[in-house]
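One chain follows as structure tokens, the form predicted alone.
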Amino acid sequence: MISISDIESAYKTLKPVVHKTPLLSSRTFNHLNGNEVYFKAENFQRIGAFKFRGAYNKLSSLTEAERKRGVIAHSSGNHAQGVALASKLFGIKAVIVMPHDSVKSKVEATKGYGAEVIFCGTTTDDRERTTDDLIDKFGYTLIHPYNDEKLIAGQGTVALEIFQDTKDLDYLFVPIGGGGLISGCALAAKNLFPNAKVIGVETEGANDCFQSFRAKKIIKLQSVNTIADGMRTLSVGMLNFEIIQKYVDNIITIKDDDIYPMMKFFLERMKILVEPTGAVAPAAVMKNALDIRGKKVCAIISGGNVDPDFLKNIL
């Protein structure tokens, strides 16, 4: 299992290339919510999401032979862009396997960073099968979207930055897809904010980690149904779940319908663009899912890459 020193080491690697994203707040939101709330705005990160952190940290650890062979990743969008940009910065060939129903803007951005995109079916299993076939054929190095220690350490730098900006915190709300962000941030948070409770948030239609956390074993879903495309994994990673079990206090779910008002609030009142997955943890705070008052709370906005048609429907 990784340690806080791995996350601190990742931060030194990432500091020259990542944006230190701000903690945002809204007096209106605080008044309505009854808590002192901060949003860690990873929608302002390079590629518009936290995924660049883990991808760059992983690629920085590759051997010269691995770099020459090129890398491959499977992703619905943000990890794809993170690997594509990191590969461009390192001068490495990148192949990205993406579901054919991926958000168009995410596909175009991935190609724009110079990666080759290969489409596959819509499930995690489809992505993994296609990726494995290409690795067997071409010898690419896999950059896993969440189940990797270097990647987890990179994602954990989000919580390290939160600590740099506020030394006192009661709750940290983190969205869960494959588990890379919450495992890295939970580990960091429990070392930096030992009294803070770490709360994972999923949507009801993609609640594999919610079920796994209660069963104390990984539950793999047969299918998912959620507008939060970053949560369409069928199960969390094994490394991620090990860390989640040790450091996460609770995992809760929200409805897809809870995401819309949060995205709308971000647009209209805070003037920022947040994607559905990025609004999941803040939405849990907005509806006060844990019925807390008078606490200092931080919710991570994981990204801001929204399909224009989807955004139009929300508005």
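A quick note: this is a predicted structure, and the numbers were derived from the prediction, not measured. Note that residue numbering follows the sequence shown and begins at 1.
Below, we turn to the form predicted in complex with another copy of the chain, even though it does not appear here.
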query: Another copy of the chain: the contacting residue among 163, 210, 113, 140 in the predicted bound form [heavy atom, 4.5 Å]; finding: 113
query: 4.5 angstroms heavy atom contact with another copy of the chain in the predicted bound form for residue 17; finding: yes
query: Non-hydrogen atom contact residue 21 with another copy of the chain in the predicted bound form at 4.5 angstroms; finding: no
query: Exercise: residue 270 in contact with another copy of the chain in the predicted bound form, heavy atom 4.5 Å; finding: yes
query: Another copy of the chain contact in the predicted bound form: residue 247, any heavy atom under 4.5 Å; finding: no
query: Every residue of 43, 304 and 311 near another copy of the chain in the predicted bound form, heavy atom within 4.5 Å; finding: yes
query: Answer range among 32-40, 262-270, 281-289, 57-65 for contact with another copy of the chain, defined in the predicted bound form as heavy atoms within 4.5 Å; finding: 262-270
